[in-house]
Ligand code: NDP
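First comes one chain, alone, set out as structure tokens in the form predicted on its own.
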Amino acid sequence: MTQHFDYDLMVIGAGSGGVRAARKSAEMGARVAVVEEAALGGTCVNVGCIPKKLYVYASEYAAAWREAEGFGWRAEGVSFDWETLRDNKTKEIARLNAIYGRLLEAPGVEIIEGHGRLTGAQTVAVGDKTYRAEKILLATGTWPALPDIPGIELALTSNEIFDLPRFPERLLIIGGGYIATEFASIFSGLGANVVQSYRGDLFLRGFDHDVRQFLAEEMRKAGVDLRFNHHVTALESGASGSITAHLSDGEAVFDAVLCATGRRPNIGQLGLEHTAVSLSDSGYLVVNEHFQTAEPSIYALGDMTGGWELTPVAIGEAMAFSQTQFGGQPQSMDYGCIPTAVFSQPPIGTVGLTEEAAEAAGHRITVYQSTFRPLKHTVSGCDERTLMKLIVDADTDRVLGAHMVGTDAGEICQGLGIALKMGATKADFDRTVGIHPTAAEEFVTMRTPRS
């Protein structure tokens, strides 16, 4: 490598993608530095996947106690303490931050604390010091976007919702994506009165329509006040720290308002104007299959490039980047059949094409679909139901998509992701012996197409 550079690679952003790219590149012999102004681990570790899943676990206990009575258990005096959950979450995140630090230090990655800003195609300024790098990788992710609503400054985003000083007994959530939907289930499960407001006909745009509709029914049964074709027109401060929300169907008072109306690339102070990096019409960084921007020395991956905004995708992209740039084995990311989950209550698990996407792609399809009451709830007294759905190519018999709403949907669809990635057919599913009694066996016992 050219010696007048301080580093072979500088990574701006120490989230999941940035950390993996830095670590793997260093293990391959590159001189690497990571610039991070906040805590190591990025959105996922600090204000995303990890704390969210911990809060999901917490929110499930209330229903578990209620359901336990049907099995003979009596729980007297059960109560929830927000401060305990919040503080234990904070301890766990601190532990993970330290692990990320050790992962970087072990192969010799230098961690530079501060705000990294591009000053040229191969220069990065951090504070009053400027570094030169042969290659620069941008991995700064995305940031919550707020709508133009009077009083929106009173609202929280997903960055702040985990650390409220007091539990909000009345919570308004604005948005219809997976973040809004997950937090609606979380806080409802923890005992809050939750209103989720979405301007469209049905939330979770992009997911299978039957899945969206089924989840809406189940969430309403669980107590979430879902309001579609609904608008929040203004927010204003009320008495004792409350917030009065002006809604399309009247006014209501809440203890807190969470705005989860989308995210935008975190590039405002990145210095892109000093480079040839180009943006798409929607504001994401444009890259080629090797994550190279229009500035040949600058690369970008993860959420800020506008693809799948998932931690495992960013990690996969980072592996491909490192192998291509420093491993002598050029690779590109395979985006086919990526499994994903929404940790609502009940959760969604999905992999492959939705029914709508399969039809739009020109496939002639056969749909297998089943809804049922899980065995557990025949005794628990809960009326929650499960949905499972397979999208099959009628000409090749290949399973194009698998979708589920129900307990452990994410765990089940992770396994189905392997099958779909390998090109499994409906006949392969039919030949597979189910594990009885489980909900998952329904995926290999559905024999009659949906009429």
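A residue's number is simply how far along the shown sequence it sits, counting from 1. Remember, it's a predicted structure, so these values are computed and weren't measured experimentally.
Unshown form predicted together with the ligand; subsequent notes refer to it.
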| query | finding |
| --- | --- |
| Partner contact for residue 198 in the model of the complex: the ligand, 4.5 angstroms, heavy atom | yes |
| The ligand contact in the model of the complex: residue 123, any heavy atom under 4.5 Å | no |
| The ligand contact at residue 352 in the model of the complex, heavy atom, 4.5 Å | no |
| Residue 151: touches the ligand in the model of the complex, heavy atom cutoff 4.5 angstroms | no |
| Three-residue site 205, 309 and 341 fully in contact with the ligand in the model of the complex at 4.5 Å by heavy atom | yes |
| Among 255 to 263, 235 to 243, 220 to 228, 79 to 87, the region lying within 4.5 Å of the ligand in the model of the complex by heavy atom distance | 255 to 263 |
| Listed residue that, although the ligand is not shown, lies within 4.5 Å of it in the model of the complex (heavy atoms), from 101, 191, 108, 177 | 177 |
